[in-house]
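Take a look at the structure tokens below, where one protein chain is shown in two forms, each on its own, as structure 1 and structure 2.
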Structure 1
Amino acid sequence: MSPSLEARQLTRRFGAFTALDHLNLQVEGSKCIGFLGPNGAGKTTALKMFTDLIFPTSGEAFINGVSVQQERKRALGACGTLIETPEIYSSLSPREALELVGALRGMRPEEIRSRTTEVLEEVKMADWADKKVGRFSKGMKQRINIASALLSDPEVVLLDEPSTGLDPRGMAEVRDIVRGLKKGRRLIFMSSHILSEVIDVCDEVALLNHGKLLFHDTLSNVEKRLTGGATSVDLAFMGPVGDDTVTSQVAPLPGVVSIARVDATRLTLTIQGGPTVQSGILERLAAARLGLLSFEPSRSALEEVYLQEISKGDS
């Protein structure tokens, strides 16, 4: 059975304020879902109801088909969570902190020892296993927090803006860890207000604003909504690429619909066609020896859809 997460009419009100408004969302399978929205959209409120940290005003949350509100222990047994930014006692080592988490979860001592070694490797903190946490940077502490969410080897992992407050290096490290988690046949549900983060690590995006779900779709389908079925690809070159070169060697390639220049060394192509067409374009560009450095899905499509949808909700 594939891991799954579902919200049915999930609603939370605080007095007259509605933080989450009848959220209906169902995700299933081994992938990463970006729960995207501006600050205050209701993302953390939703995650807290998925983990039974707060009760819904109405509606229900399910993990692997089990109601969190009706069968809390059974539902959360398959789930690892990192909500907001928990603190670790500075006098503990990562190994000691994870032993404490494992004991609280009711894991067997031998299982705790085995999984502690595995998860510290997974978050690239094995060399620091017996150092005091008080000496760690914020990014290192966050990696230990992620390790604690993985300790029970969960099928479903809920991460609440895991890179918030980190410096660029720390953010990159956390994103790299999340990308690695996708290889473990887990369902990862990650809230974020950072577009680039969702594009870098997620397979699907669910956009929330003012407590309401605006859409849930794959990143590729979001792009198609904007481009009418075409695909946008960003190209980066080692040096400047002249207009004559673009006209003579890039524009004529089969499948290229349009070209937008970002700057002297970067272009965005709109391509009509699937992976085979894109692969052919990449091969021809490499053969042309233009100094191509990267060929990746465009970041602009999701950004444009994001801004359009958010502006609709704000109007």
Structure 2
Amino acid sequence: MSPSLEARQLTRRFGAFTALDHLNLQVEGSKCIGFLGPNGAGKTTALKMFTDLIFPTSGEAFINGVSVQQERKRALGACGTLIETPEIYSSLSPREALELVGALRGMRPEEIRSRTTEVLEEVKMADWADKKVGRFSKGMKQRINIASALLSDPEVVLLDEPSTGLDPRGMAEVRDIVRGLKKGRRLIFMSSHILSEVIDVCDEVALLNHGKLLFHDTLSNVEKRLTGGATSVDLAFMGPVGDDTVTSQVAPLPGVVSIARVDATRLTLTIQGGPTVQSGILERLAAARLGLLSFEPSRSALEEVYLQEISKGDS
């Protein structure tokens, strides 16, 4: 049986406010799913119901086909989790905290020892293994939390914004860790605000807004959704380009909808049309010999789709 996650009509209300509205989502197999959505979209709420930290108003969540609400212990047995930023008993060292996790998970002592060393290496905290957690910085604690989620080499990994509180190198390391996890037969479900991180490591994305699932699709399909919409492209030139040059040479190009000046050497174009139109514009600009230095989409396809879908829902 391959690892799976399923939300069935998963709903949570806080008073009159619906934080998560009939979420239906099914994912299965070895892959990484990015769980996206603006602040307050309901991502953490959904993940907390997947880990039984809070209870659904209605609906149910399943891990590997086991209902979290009915059998939390069995459902979470195959699952490593990191929700929000947990605190660890401050007088324990990372090694002791991981020993506790391993013991509660029923790992054998030698398994606990070897895996503790491995995961602490992986989150770059091996030098701190025997220091008290109470003195750690937020980012260091988060690394230990990641180590804790991975200790038992779980089949399903649920991560709620794992890069929270990490420095740029820490974020890059999280990407490496997640990429490493994908080598195994493993399902990773990860909420994130960082689209580049999602593009980097995820195979599928699910987008949530106002508690509703807007879409769940593969990353490659997301790019196809773009056709038809307006995209924006950043241009940089070697030297200043005058307004008259812009009006006479850039504005008339087919597909250009509007032009915004960033500074003397940079422009942002809004383009209506797909890749063919874009490539036509690039070729003509190059042929015009205006000293074009770079031509790149202001936003990734995922970012475009993200913004389009979010604004659709808000208007």
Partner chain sequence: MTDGTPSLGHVPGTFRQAVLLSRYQFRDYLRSRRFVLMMAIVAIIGAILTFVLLYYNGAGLTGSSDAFYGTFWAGGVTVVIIFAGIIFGGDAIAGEFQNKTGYFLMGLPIRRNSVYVGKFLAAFTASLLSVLFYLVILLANGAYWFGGAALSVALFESFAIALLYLLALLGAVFLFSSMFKNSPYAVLVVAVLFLFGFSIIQALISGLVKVEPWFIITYAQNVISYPFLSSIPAHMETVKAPGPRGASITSYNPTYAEGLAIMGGYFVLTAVAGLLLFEREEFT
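Nothing here was measured: the structure is a model prediction, and the numbers come from that model. Residue numbering: sequential along structure 1, first residue numbered 1. For the two forms, the rigid core is made up of the largest set of C-alpha atoms that agree within 1.5 Å on superposition.
Report the structure number, 1 or 2, for the form predicted alone.
Structure 1.
Relative to the superposed rigid core, does the CA atom of Ala78 travel 2 Å or more between structure 1 and structure 2?
No; Ala78 is a residue whose C-alpha shifts by less than 2 Å between structure 1 and structure 2 when the cores are overlaid.
Can a Cα shift of no less than 2 Å be assigned to Thr44 between structure 1 and structure 2, given superposition on the rigid core?
Stays below the 2 Å threshold, so no.
Quick check: Lys183 between structure 1 and structure 2 - does its CA shift reach 2 Å or more after fitting the rigid core?
Shift at Lys183: below 2 Å after core fit.
Once you lay the two forms on top of each other by their rigid core, how far has the C-alpha of Lys141 moved between structure 1 and structure 2, in Å?
Spelling it out: core superposed, C-alpha of Lys141 shifted, distance 3.5 Å.
Core superposed first, then measure: what is the displacement of the CA of Met125 between structure 1 and structure 2, in Å?
It moves 4.1 Å at the C-alpha.
Arg289 CA shift between structure 1 and structure 2 in angstrom, with the core used for superposition
Its C-alpha position differs by 21.3 Å.
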